[in-house]
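Given next, in structure tokens, is a single chain: the form predicted on its own.
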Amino acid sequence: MQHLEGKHALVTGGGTGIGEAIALALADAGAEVTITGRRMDALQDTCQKAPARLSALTMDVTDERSVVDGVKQAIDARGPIDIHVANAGIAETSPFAKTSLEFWRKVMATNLDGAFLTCREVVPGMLAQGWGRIITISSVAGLRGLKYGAAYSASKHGVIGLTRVISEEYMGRGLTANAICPGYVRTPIVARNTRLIMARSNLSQPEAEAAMSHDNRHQRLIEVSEVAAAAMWLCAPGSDSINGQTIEIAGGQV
């Protein structure tokens, strides 16, 4: 059912992984989808999977001018943004005592500043229309500390706080804001980390994947389609009262 016909969605980090899966699901439901990222080649590869519905736009979410200009360009091309998925992020770790300020700021700039900037730019249009859906992609690390992930965990905690503030500030005006908090998902980032574990620990791929998914309560990697399904639920008819929530996707209690 194409219940999002006539809606315009903006998905940051839409060229791979979770962002790509959500963008394709939105397009399948009838939405016009603008996907953004820093690498146009990856974005174009995704657009080829649903060329009638998807369009690509280069955007660096750490750069305020890039975000302001990019959102305006998306609106000029395809109309007001009804749905925003703030997905762009990096997952890099470092022992706490060895974490440099440069590393800390790099993670914060992408994961937290990026979500702040893109959400800020789409909110006015949603309020003007009286309807909008903001979905931020946080993490189970936004709900509890991740060993060796001080910057990542702090940034994802911040994303949840930002999402809750948006939900409170605009409650009752047709706009909802919710955070999805996945555990370890089968994405290119996890694939890269799996290869690193294999090389470092002399493990097979299944053994390395098992190590990666150890913190998922059902002991397996989460598929991007499962995260996309949660995002679609937050955009579906009847979702108006789901607001300011954290949706944990981790195979059990976090």
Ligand code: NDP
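So that there is no doubt, residue numbering starts at 1 and follows the sequence shown. Every value quoted in this text rests on a predicted model; they were computed, and no experiment measured them.
Below, we refer to the form predicted together with this ligand, which is not included among the displayed structures.
Trainee: Could you tell me if I137 has a non-hydrogen atom within 4.5 Å of this ligand in the predicted bound form?
Mentor: Contact check for I137: yes, within 4.5 Å of this ligand in the predicted bound form.
Trainee: Answer yes if any heavy atom of T62 is within 4.5 Å of a heavy atom of this ligand in the predicted bound form; otherwise answer no.
Mentor: Flag for T62 set to yes.
Trainee: Just checking whether A29 would be counted as a contact of this ligand in the predicted bound form - the rule being heavy atoms within 4.5 angstroms.
Mentor: No - in the predicted bound form, heavy atoms of A29 and this ligand never come within 4.5 Å of each other.
Trainee: Check A88 for me: does it contact this ligand in the predicted bound form (non-hydrogen atoms, 4.5 angstroms)?
Mentor: Heavy-atom contact with this ligand at 4.5 Å: present for A88.
Trainee: Every residue in T34, F116 and T176 with a non-hydrogen atom within 4.5 Å of this ligand in the predicted bound form?
Mentor: No, because T34, F116 and T176 lack any heavy atom that approaches this ligand to within 4.5 Å in the predicted bound form.
Trainee: May I ask you to choose, among G158, G125, G183, G149, the residue with a heavy atom within 4.5 Å of this ligand in the predicted bound form?
Mentor: For this set of options, the contacting one is G183.
Trainee: Looking at R220, R38, R195, K49, which has any heavy atom no more than 4.5 Å from this ligand in the predicted bound form?
Mentor: Checked against the cut-off, the match is R38.
Trainee: Using a 4.5 Å heavy atom cut-off, which stretch among 74 to 82, 88 to 96, 168 to 176, 125 to 133 contacts this ligand in the predicted bound form?
Mentor: Within 4.5 Å of the partner lies stretch 88 to 96.
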